[in-house]
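The chain below stands alone and is given in structure tokens; this is the form predicted alone.
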């Protein structure tokens, strides 16, 4: 990359800094693996009963807050998603998809589940194994993050990053795909820090606890869980919502990585070294 000066183009300077510790990098990749497999196996489990309820009880015929299925009509069978009283056609992806050239009625298609065929028991084994690995990995990340002061130093927003004016400017910069340069790139921006903290300390723990609440054994040991979430069906619905929000976070996170420099971001998460370009230099 070059920048134009009075004497002609000259190479834009950049500086390599240490951004991620070995503990952060390892737990990040283990986390990515766990979330991917938890999602795929979780959708397999959801397919066994593709309806969500609110309260302590829920079964076929009970009012559902969300359901995914197939229905027959004058024009044939179609896939639908129902949210309350709203029905959305989703043929081809949700409710009715194609498998081996034939239409198959199932909530999530075969390419989005582990295993691809309908097998609740196998899906549960995958889900529970990677759920416990996910919890253990998260505890390692938190312990290492607290001891190394990564959480306090890198994730806690600085006071100047929390002012409404600063946050609004960051929102506009993100919308215009303008990413920090120079000294500003040495730290996470305010929106990054707030979103990371929300995911690490709110979303992921809530997903784990609601998952535990769906276990009869855990309910017997800690019945207060059912009181907190208003029943096992409510916990299942919250679990589905939190998992969906995690997927949304991952999609936005990956998009920002690609748009702000995929090679530099990927290198920093593999080697720990991140290149800081001088402010105003070309990308």
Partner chain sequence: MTGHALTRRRLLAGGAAAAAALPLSGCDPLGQNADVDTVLRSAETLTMRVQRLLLGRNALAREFQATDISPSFRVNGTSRPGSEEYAALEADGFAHWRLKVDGLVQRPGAFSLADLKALPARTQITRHDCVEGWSAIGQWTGVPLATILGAVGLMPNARFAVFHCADELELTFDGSGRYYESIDLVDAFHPQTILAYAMNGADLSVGHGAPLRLRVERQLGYKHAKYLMRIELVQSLKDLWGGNGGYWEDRGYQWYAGI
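These figures come from a predicted structure and were not determined experimentally. Residue numbers count along the first chain shown, from 1.
Although it is not shown, the form predicted together with its partner chain is what the next lines describe.
Distance criterion of 4.5 Å from any heavy atom to its partner chain in the model of the complex singles out 124 from the list 187, 124, 82, 150. Interface residue among 179, 108, 128, 196, judged by heavy atoms within 4.5 Å of its partner chain in the model of the complex: 128. Contact annotation for residue 132: at least one heavy atom lies within 4.5 Å of its partner chain in the model of the complex. Under a 4.5 angstroms non-hydrogen atom cutoff, its partner chain in the model of the complex has residue 115 among its neighbouring residues. A residue is said to contact a partner when one of its heavy atoms sits within 4.5 Å of a partner heavy atom; residue 256 fails this definition for its partner chain in the model of the complex, lying far away. Contact annotation for residue 233: at least one heavy atom lies within 4.5 Å of its partner chain in the model of the complex. The chain is drawn here without its partner chain; in the model of the complex, the stretch among 166-174, 209-217, 188-196, 137-145 whose residues come within 4.5 Å of it by any heavy atom is 209-217.
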